[in-house]
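Presented as structure tokens, the chain that follows is alone, the form predicted on its own.
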């Protein structure tokens, strides 16, 4: 069976820098940090990390109330990003119900705020009757995918990948498979996440968060840096439009890139500790899927969340596969770790870098850690023709994902 070529023709984002892709890129280009001190988080006993990168909800009333009432923050983010992506791709949202189109939107969990609110309402007196009927739809694990589908009246494949920080890259990989196999003509793919003290707390209990920069939030996270002390949670949504190459050409669409390789795997060894060997296997298989060798990659957008173990293992894996020849940077220093949305948001930024012929440096990487040495860290703006990129996502749960994109 002949596979379809799959291209990316649209992108939308809500990020800690603003409510569209241009705001995201402006923040990165200007070298700003979106991380801030979170007032009131000190009331949570035992929570060490009091910093986060939050996004602002704007114009949510443009979403009809009868649909918006089932949406938590993360679903609003994803609905707005998805609509942006369609417009960017030159697809009229009003025509979507008539198309062979679906969506795959991933997240770590349902709306964290809605889940917290539900328990606060119910638990004091164990009174379920106090919960309103819309809360379940905000809390369910597929809330972003379901709400995007309802908002845009999608009738194709509706999927919700849930693999922690690899969620949105897995969603894009799933959409890639559906389009190349001819199951769908177009897919909206990406992820969404929202910040809440309970979300940061879940990483905090694993000693994985940054707790040493509460009073200097712009200095953290510090991917690959000697003084890195953990991740900083962020929020937002990134969504891309995937479609068949022939379809995109026929309608004269602008093409950002072609997806040529994808792989996801498990480490099979530890639920929370990153594993170099499985990362190596994941990247090598993505390259084989793309039919290329390591030397053909022009830029690697690293996962690099600034955890001690994760950055070390990823750096060692990149070194084993690519040596020190390929430029590597992480975007977490700008926008924090947007968890289930990170793969999509950071892929969108990487595609813009490809388009502009620039590589933005890893923010807060001031002293390369000895255990992250041996790869080509980007510490200052690089101007370079970029034809092929690799995007990595390595998640708690021992789940890895890697995606290869080529300029068309």
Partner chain sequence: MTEEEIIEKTNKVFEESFEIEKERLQPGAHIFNDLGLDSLDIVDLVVALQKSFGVNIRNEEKIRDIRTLQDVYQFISTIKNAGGGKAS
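Residue numbers count along the first chain shown, from 1. Predicted model only: the values in this text are computed from it and were never measured.
This protein has a second form, the form predicted together with the partner chain, left out of what is shown; the following refers to that one.
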Segment that reaches the partner chain in the model of the complex - one of 131-139, 168-176, 106-114, 259-267, heavy atoms within 4.5 Å: 131-139
Touches the partner chain in the model of the complex: residue 43 (any heavy atom, 4.5 Å): no
Distance check, residue 66 to the partner chain in the model of the complex, heavy atom within 4.5 Å: yes
Residue 360 within 4.5 Å of the partner chain in the model of the complex, heavy atoms: no
